[in-house]
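A lone chain, given as structure tokens: the form predicted on its own.
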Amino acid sequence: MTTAQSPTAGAPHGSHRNGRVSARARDLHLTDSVRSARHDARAQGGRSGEWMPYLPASGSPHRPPGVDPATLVWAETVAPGGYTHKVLARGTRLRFDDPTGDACAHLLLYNALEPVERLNVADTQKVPWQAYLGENHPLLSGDGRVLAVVSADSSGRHDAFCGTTTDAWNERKYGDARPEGPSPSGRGLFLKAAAKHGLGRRDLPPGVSFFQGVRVEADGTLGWQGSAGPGTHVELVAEMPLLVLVANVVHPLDPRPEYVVGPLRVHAWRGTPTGPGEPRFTATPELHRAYLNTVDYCEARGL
């Protein structure tokens, strides 16, 4: 748990924080020539950090139980106040773990082939007749297709109402919203992730978040439930080729005055999409139709 981003491990001459290297390396003249800079850079090889992607993914020290390391295609620990992104093939299993009980995984999903098709939170709540995310809940696009489905859930504390934080919100509450600052906003981090895939501000729809629960109270207000505690996880199945954007930031309804968020572990491994023989494929008429739309789209493209 932290109130700011952790230093990047592997900086042997002082800390590297928010993009600013301490003066110690400069004072020791370790990078005052091309030769010295190359030597200093190569000396960092093999070092690891508390928050980092693991390359190759099979080398992750936090591999989920029962997962063959040879099937892993993504393994990463996302820093508190950090973000990540990935393109995943259809059928990929995607797992988020909250090791401390303070992670909050804000998520945006896009059709990786045509990113104009993206997560539609209203349909995600409306089509299954259920506003609360949980096991077997589909994450739907505005085109009536299943982008992904929640295949496992040990947390039960999620949110499809509030979206993520904005710069204005964080500046008001924490006094800062810079992506490199002590209290970055989810929208600010999503914008950075989206830009790496040619997307911009207008391409950021409302999203969902995992590990910090929200419920509608009897009077219609939204009540923050917080976390289910450390050691919970959520797994998704990618029913289409996906572009995944993740921001690990505080929930906008978190009542704590400090910017409190913990690390988030992410793993993905090769698998198969939901098939007609699985119960959720035909669980309801609405979901059956969404799956038929999804299969039709994917099979026409040879996926």
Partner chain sequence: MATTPSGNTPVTCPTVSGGTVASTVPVGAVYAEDSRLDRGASLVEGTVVLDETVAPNAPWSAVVRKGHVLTIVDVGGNQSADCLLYDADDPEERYSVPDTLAWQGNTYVRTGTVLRSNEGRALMTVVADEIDRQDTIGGACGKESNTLRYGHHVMFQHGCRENFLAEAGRRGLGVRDLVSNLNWFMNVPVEADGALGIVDGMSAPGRRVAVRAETDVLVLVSNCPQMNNPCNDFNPTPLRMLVVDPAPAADEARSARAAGTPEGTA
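Numbering follows the first chain given and starts at 1. As the structure is a prediction and not an experimental result, all values here were calculated from the model.
Another form exists, predicted in complex with the partner chain; not displayed. Remarks below refer to it.
Listed residues 162, 107, 228, 79 were compared with the partner chain in the predicted complex; 162 is the one with a heavy atom within 4.5 Å.
Of the listed positions (130, 100, 71, 154), a single one reaches within 4.5 angstroms of the partner chain by any non-hydrogen atom in the predicted complex, namely 130.
Each of 123, 219 and 286 is positioned with at least one heavy atom within 4.5 Å of the partner chain in the predicted complex. Here the chain stands by itself, but in the predicted complex one stretch of 92-100, 228-236, 113-121, 175-183, 113-121, has heavy atoms within 4.5 Å of the partner chain.
Although the partner is absent here, residue 140 is a contact residue: one of its heavy atoms lies within 4.5 angstroms of the partner chain in the predicted complex. The partner chain is not drawn, but in the predicted complex it has a heavy atom within 4.5 Å of residue 166. Remark: residue 187 counts among the residues lining the partner chain in the predicted complex, judged by a heavy atom distance of 4.5 Å or less.
In the predicted complex, the partner chain stays beyond 4.5 Å of every heavy atom belonging to residue 196.
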